[in-house]
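Take a look at this single chain in structure tokens; it is the form predicted on its own.
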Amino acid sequence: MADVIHRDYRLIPIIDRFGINFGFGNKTIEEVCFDYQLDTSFFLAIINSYHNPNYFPQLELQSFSTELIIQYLSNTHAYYLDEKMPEIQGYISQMQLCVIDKNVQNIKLIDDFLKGYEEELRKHLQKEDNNVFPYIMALEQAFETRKCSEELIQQIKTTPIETYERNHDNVEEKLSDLKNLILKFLTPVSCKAICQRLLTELFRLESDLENHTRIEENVLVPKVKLLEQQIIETLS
């Protein structure tokens, strides 16, 4: 497992989402997954898709349980909101303490933009956690038990997963706007090192979000569409 991080340190937050802590000694990936009661194949599919942007085992990921996929996505949401966004906000707060003259207003503009972005991201992720994911789990339970309420049948007919797919806000686009705001319009600042760290973390977040969206749209949504179809055909 240590070799994985030595090969690509960017996987540290990905590994953390599985609940794995440092101190795993010389244990193999399989041994660490056994210790944490994780599906080794799922773990490998996820970290390899993050490690190599050209590698995306869509069919293999679709073969894993919906519950397993949702648990990973929920952990990722918590990472964005509880760790990554506060870290990024911290850099802007540091910049506000050291900038002078005209950049005071520029940093305030960036701060306001980030707060607006964070609020939009929070609403988007909470909608998934509180509405979309419970709906998906209800579908899976209905299919497994062969018992489906009329309310769930109506939900499939009126607000299927494709509705969510159409309304899937492109949070990456606004993040790109924020990066460009800094790159193109922020005049030189005295706290250059902090500004560079801020940009680095924005790029990392953008890359992470792209991978996250890829899993949702190309793995989870197709699985749910098939599940909805099977329920309508067999249980309605």
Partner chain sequence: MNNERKPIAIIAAQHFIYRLGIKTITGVIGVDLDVYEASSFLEIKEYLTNQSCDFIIIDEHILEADKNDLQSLKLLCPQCKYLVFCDSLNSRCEHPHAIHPTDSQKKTLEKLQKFFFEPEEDNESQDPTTDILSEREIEVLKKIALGYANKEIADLLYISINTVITHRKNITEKLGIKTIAGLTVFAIMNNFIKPDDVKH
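Numbering follows the first chain given and starts at 1. Just so it is clear, the structure is predicted and the values come from calculations on it, not from any experiment.
What follows is about the form predicted together with its partner chain, which we do not show.
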### Task
Examine residue 151 and determine whether its closest non-hydrogen atom to its partner chain in the model of the complex is within 4.5 angstroms.
no
### Query
With a 4.5 Å heavy atom cut-off, would you call residue 177 a contact of its partner chain in the model of the complex?
yes
### Task
Spell out, yes or no, whether the shortest heavy atom distance between residue 99 and its partner chain in the model of the complex is within 4.5 Å.
yes
### Query
Looking at the partner-bound form in the model of the complex, is residue 110 within 4.5 Å of its partner chain by any heavy atom?
yes
### Message
Residues 105, 184 and 189 are flagged as a possible site; in the model of the complex, is every one of them within 4.5 Å of its partner chain by some non-hydrogen atom?
### Response
yes
## Note on the structure
Given 91-99, 122-130, 138-146, 157-165, the stretch touching its partner chain in the model of the complex at heavy atoms within 4.5 Å is 91-99
